[in-house]
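Starting off, we have a lone chain in the form predicted on its own, written out as structure tokens.
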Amino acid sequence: MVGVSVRTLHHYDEIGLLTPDATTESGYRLYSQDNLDMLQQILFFRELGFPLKKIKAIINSPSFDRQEALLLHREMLLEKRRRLDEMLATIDKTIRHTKGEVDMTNEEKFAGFDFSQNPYEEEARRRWGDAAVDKANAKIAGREESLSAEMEAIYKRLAALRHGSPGSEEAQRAIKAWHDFLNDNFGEYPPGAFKELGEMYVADERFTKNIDRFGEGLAVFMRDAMAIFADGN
């Protein structure tokens, strides 16, 4: 009915994000109306780019109010639509520019792009609080380009190894570099959290699509390598 895969629902249950109200003797999960309402809330947050860990923290916050969250989702989606409309206008003008129909300044070519922050996350943080966001943002401020280059280098290194064993010495050195990169720049990732992150790379198709840009099957390879690394540490 919802269009969410069974694998995703199982993952949500495993990480404590969405636990069904009942389970049959044969192991089938039974979702109540309250469960469906919460799933809708989760999917709104996902549509706005929130990671699962942050969604869990928000909906479990004592100050969380579902009605307020729905109104906030509406505001955020309207803002997202405004930005998309602006980017579509930029695309249309760029097409006309490439045909020689109109002139276009360099500033106009980038209208609608904004990489300075996630406005949706910022608004939610103001409503429900998240000190960890402040800490992480302060840590990477001014280093976005160098971090992006370092991240891509690690992805490419892992992509070159993806047809081999994720437990090989070389693969484990490469995945350790990924673990160190995350810990050095984005907070603490103990083995359990690192393993969960790897599972998310496969459970969430948006992660998979983004990671597999560096090589088909990379997300699965990273998940397996991260699990082996976590279990061994």
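In this text, rigid core is short for the largest set of C-alphas that superpose within 1.5 Å between two forms. Position 1 is the first residue in the sequence shown; the rest follow in order. As the structure is a prediction and not an experimental result, all values here were calculated from the model.
A second form of this protein, the form predicted together with another copy of the chain, is not displayed here; the remarks below concern that form.
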Contact residue in the model of the complex, from 102, 151, 160, 77 (heavy atom within 4.5 Å of another copy of the chain): 77
Pick from 52-60, 193-201, 168-176, 35-43: which stretch has non-hydrogen atoms within 4.5 Å of another copy of the chain in the model of the complex? 35-43
In the model of the complex, does residue 65 have a heavy atom within 4.5 Å of another copy of the chain? no
In the model of the complex, does residue 156 have a heavy atom within 4.5 Å of another copy of the chain? no
Any chance residue 1 has a heavy atom within 4.5 Å of another copy of the chain in the model of the complex? yes
With a 4.5 Å heavy atom cut-off, would you call residue 70 a contact of another copy of the chain in the model of the complex? yes
Need the contact residues for 68-101: heavy atom within 4.5 Å of another copy of the chain in the model of the complex, sequence order, or none if there are none. 70, 71, 73, 74, 77, 78, 80, 81, 83, 84, 85, 87, 88, 90, 91, 92, 94, 95, 98, 99
Any chance the CA of residue 105 moves 2 angstroms or more between this form and the one not shown, core superposed? yes
